[in-house]
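Single chain ahead, written as structure tokens, the form predicted on its own.
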């Protein structure tokens, strides 16, 4: 079977020539999934060249229809020969047909819509199609605070760990666990929380994160040794995908977009995007177990406490990233790591990894989108993102191919907000 694609301003047409049977059904499904992944959510199958359609082929058509509908798109069959029309009608799937659409093939198809390069505060993204949508959210900066205030590599004062509610309006990251007492000491690890959904990686050697999802009157809560958190709606969403150059954006570029879009010097950002590659680390052993005489930051002991990605990881999967970034002086009691590659930048970012699923186009809402994500497959990994700019050996920066970046201006306070 031969597949040919033609991009129009409002749809992608796929012309199929040959037999859509068991031998070719998976090939067809892979092609349509790739199209949806690349942002083509209005799909049309030009069936004028189909010679045969089996039950396996019909199943691939139905699966394509479901996957397009899941991202608020559509899939219809146009220019179908009589036997295709009759086969689908007899099978009860004639709803896939669009007999009044595209009856005659277009000799000179309209060109694909031009790339949308948005500018905000002078920010551009070469090689990317970008849209920036105001959300009508925060008109003033969100108040953000540091809770717990544990200093990395020091002994954790377990009695000073604080309870943090992680409801739908709160965005947070840090070191915490749902446990108490001795359980708290053994299980502290990295977490992130968005839209009432919390993923955390217990520092007990677990490879896969656990997670809590707020439902009904249940609100996730963690005991935290250290956490950055802000509450309220986000002001903008930046949608991005590569043009024909196949570019990607690293996390610093997306934070640049957040700074420019909000006009603020301190921002919170939530990124949901297809991964080009992540660079990060995770606690292999709970920092709650650090003793007064421990030297966990020294080599080779650090290998027992931290697990580093030895390469760029999770390419092709989907990342949910929470990041706090600032270019201004922080109030006393607020701590964010410095970013070596950017003078005066401070960035703290965690990423949870999920199997890839396409996102609807346009100005999607953050909380419902994240809640749908957690309602699907469980998170596969959780990393504290870092940059690795070592000469020759460095892994570089975490980067993303296409997705959404919600952002909001924030104002840090030295108060411990409840």
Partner chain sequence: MLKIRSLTKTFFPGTPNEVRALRGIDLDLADGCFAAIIGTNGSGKSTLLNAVAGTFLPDTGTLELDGHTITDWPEHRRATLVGRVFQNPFAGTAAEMSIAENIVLATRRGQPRGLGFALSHKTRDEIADRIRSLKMGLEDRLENPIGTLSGGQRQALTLLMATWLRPKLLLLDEHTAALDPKSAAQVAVLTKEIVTREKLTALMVTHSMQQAVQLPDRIIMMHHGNIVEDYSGERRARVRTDDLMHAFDRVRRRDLFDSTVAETVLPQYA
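This is a predicted model, so every value here is computed, not measured. Residue numbers count along the first chain shown, from 1.
There is also a form predicted in complex with its partner chain; it is not shown, and the following applies to it.
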property: Heavy atom of residue 386 within 4.5 Å of its partner chain in the model of the complex; result: yes
property: Partner proximity in the model of the complex: residue 390 to its partner chain, non-hydrogen atom cutoff 4.5 Å; result: yes
property: Residue contact check: residue 93 to its partner chain in the model of the complex, 4.5 Å heavy atom; result: no
property: Non-hydrogen atom contact residue 338 with its partner chain in the model of the complex at 4.5 angstroms; result: yes
property: In the model of the complex, the residue from 282, 147, 125, 84 that sits within 4.5 Å of its partner chain by heavy atoms; result: 282
property: 74, 327, 294, 152 - the one with a heavy atom within 4.5 Å of its partner chain in the model of the complex; result: 152
property: Option from 296-304, 161-169, 258-266, 235-243 whose residues, in the model of the complex, bring a heavy atom within 4.5 Å of its partner chain; result: 296-304
